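Just one chain is shown here, as structure tokens, and it is the form predicted on its own.
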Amino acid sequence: MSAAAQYARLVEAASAPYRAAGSFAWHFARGKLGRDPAFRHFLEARLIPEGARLLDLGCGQGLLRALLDAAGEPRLASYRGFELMARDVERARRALGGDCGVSQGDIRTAPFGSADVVVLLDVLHYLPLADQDAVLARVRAALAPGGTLLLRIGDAGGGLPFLLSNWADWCVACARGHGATRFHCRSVAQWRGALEALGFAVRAEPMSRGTPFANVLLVARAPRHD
């Protein structure tokens, strides 16, 4: 079986529990896991190590948790996800169980605790720039030495693909009940500067495969010793 076929089978397994949360939750899970390249990349590139304490910020209906559960690896020491929208938290719990680790919370104030990996997928541009910096500082404080932040952003220097990214985000925001939304975006260079100012070592990976967007994954490593 090809790698693509194996992943397609995994997507079906990961999205199946969302049938219990309604038609929208199931279709959204299948579409997002199947077409968003970040989820497959996390598994293939092994960006989340075995035994990690994973903190998933802006986790929506818990799709990353569902995918890792279906894959059976990596086995996590713990999973905690925070999501602002109550209906997404309810969808996660109906699909994955009340103990799935998804809680309602604002990532500006939610208690992060300690983590080995923090995931932020297409979240920070909803916040004003000062709040973005504050969240990044909180993430840096929560990460263990040598820990990793996986931050997917839209590159504001990306021209038309960036505008398409924003349009798609606006549509998704409306579909998920966020209403009128203003975005606060930066270029890859600006994101890199903000992260390096916090002591992260950063590499940028294109994360738009199969899409018309200007998405980039920033893999930011915290120093091994403070």
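Worth saying up front: this structure is predicted, and the values here are computed from it rather than measured. Start at 1 and count along the sequence shown; that's the residue number.
The same protein also exists as the form predicted together with a small molecule; that form is not shown, yet it is the one meant from here on.
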query: Contact residue in the predicted complex, chosen from 32, 192, 40, 65 - any heavy atom within 4.5 Å of the small molecule; finding: 32
query: Candidate from 136, 123, 117, 142 lying within 4.5 Å of the small molecule in the predicted complex - any heavy atom; finding: 123
query: Among 104-112, 90-98, 70-78, 143-151, the region lying within 4.5 Å of the small molecule in the predicted complex by heavy atom distance; finding: 104-112
query: Triple contact flag 59, 85 and 127 to the small molecule in the predicted complex, non-hydrogen atom at 4.5 angstroms; finding: yes
